[in-house]
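Next up: a single chain in structure tokens, the form predicted alone.
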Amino acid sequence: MKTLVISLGGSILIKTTQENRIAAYLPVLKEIAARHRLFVVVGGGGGARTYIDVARSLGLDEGTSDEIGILVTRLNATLLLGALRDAAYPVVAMSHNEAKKYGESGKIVVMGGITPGQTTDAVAAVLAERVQADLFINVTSVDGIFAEDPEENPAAKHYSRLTPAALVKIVSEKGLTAGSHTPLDITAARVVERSHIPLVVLKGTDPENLSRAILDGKCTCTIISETKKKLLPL
């Protein structure tokens, strides 16, 4: 049994009030949790960015805007937690210490954001370090790490493998404000570099892509590791 930390983008779970993938993710997460110890950190997605935009329009500072975004991540986490029912620990973790403690239950642990100035990717990266994860997975809206935004440039170069140092270099040029959307924030990238925990970045619009990657080793993704050893499947 391995320990896995998944950073699950809020826009992947809930795109609009009429369209969400929570139900579709339930069997996937349960299947993974049946074989591995699983922690899931849920992002805020478009909902968080909407509230953050309103906060800025009212003249609120970035720290307060971040706090509002964190509340949305916890709301998303609560929805996922409720849907998982008995498969998950029944409380959303509010800190890394709580998540680590809840993980002793053997059930899926769910949490959202905790720290202003950090994305949930950073929260997940630190959690991976705290629980000594074997693998950190970032589930996002694109097939891994690209040299440019693939939504703006469909011909952008895709990286199938990167070293942690190369990842830090790529994301270090990205700005970070409340609600920003980058492949991975610089804090998360640096934690990956210092912790030596392998990272897989993959597209999550099809929930089965996550299970195929972890359980079958089949995915179009970016693997960030200091070695070229085979990481998947687990």
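The numbering used is simple: start at 1 and walk along the sequence shown. As the structure is a prediction and not an experimental result, all values here were calculated from the model.
The next section is about a form of this same protein that is not shown, the form predicted together with a small molecule.
Stretch 40 to 48 is the contacting one of 40 to 48, 192 to 200, 165 to 173, 22 to 30, since its residues have non-hydrogen atoms within 4.5 Å of the small molecule in the predicted bound form. Within this chain, residue 11 lines the site of the small molecule in the predicted bound form, having a heavy atom no more than 4.5 Å away. In the predicted bound form, the small molecule sits within 4.5 Å of a heavy atom of residue 115.
For the chain shown alone, residue 109 is not a contact residue for the small molecule in the predicted bound form, no non-hydrogen atom being within 4.5 angstroms.
Of the heavy atoms in residue 125, none are within 4.5 Å of the small molecule in the predicted bound form.
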